[in-house]
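Form predicted alone, single chain, as structure tokens, below.
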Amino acid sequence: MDRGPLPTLLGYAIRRSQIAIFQDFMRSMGETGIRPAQYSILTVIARNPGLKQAEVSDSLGIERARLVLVLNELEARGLARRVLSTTDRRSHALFLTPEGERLLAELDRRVAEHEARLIAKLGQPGRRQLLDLLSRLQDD
């Protein structure tokens, strides 16, 4: 099929790659049902216990309303919890539950295997180069 200039457009190529990477990620997560955004949120909360929702949203570039929906899902699964902030009663501090910590350890193992499959396609030098090039696109 003639896709015209699409294969030569950066956005198109990045999006196609993202789809392939996300599909492998989802296969890696298997029965856990964890999606990429959920994994990112769990990781940031684990490494920064007590962060406010707005800080997680800003850090990951997730709309605040979307973050609230994902946090609702994580709380319903018993993986994360919101606690009223002691310094700002209008906000919540975020923490993983013991079950969230246990699951994140398993997810980290699965993500390492997922990442290894990607690196096998690029090699370590290719991985470093790709990360460098992508970071340039993110700079303002």
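In case it trips you up, residue 1 is the first one in the sequence shown, and so on. Just so it is clear, the model here is predicted, and its values are computed rather than measured.
Absent from the display: the form predicted together with the DNA. The rest refers to it.
K.L.:
Name the residue from Ala105, Ala76, Ala65, Ala112 that puts a heavy atom within 4.5 Å of the DNA in the predicted complex.
P.N.:
Here the answer is residue option Ala65.
K.L.:
Counting any non-hydrogen atom inside 4.5 Å, which residue from Ser40, Thr32, Thr97, Ser91 sits next to the DNA in the predicted complex?
P.N.:
Selected residue: Ser91.
K.L.:
Tell me, yes or no, whether Gln53 is in contact with the DNA in the predicted complex, where a contact means a heavy atom of each within 4.5 Å.
P.N.:
Yes, Gln53 lies within 4.5 Å of the DNA in the predicted complex.
K.L.:
Hey, in the predicted complex, is Gln124 touching the DNA, heavy atoms inside 4.5 Å?
P.N.:
Residue-level check for Gln124: no, no contact with the DNA.
K.L.:
Quick check on Arg15: any heavy atom within 4.5 Å of the DNA in the predicted complex?
P.N.:
Although the DNA is absent here, Arg15 would touch it in the predicted complex, with heavy atoms inside 4.5 Å.
K.L.:
So in the predicted complex, does Ala120 come within 4.5 Å of the DNA, heavy atom to heavy atom?
P.N.:
Close contact is absent here: in the predicted complex, Ala120 is far from the DNA, nothing within 4.5 Å, heavy atoms only.
K.L.:
Can you list, in sequence order, the residues from 101-129 that come within 4.5 Å of the DNA in the predicted complex, counting heavy atoms only?
P.N.:
Counting only heavy atoms within 4.5 Å of the DNA in the predicted complex, no residue of 101-129 makes contact.
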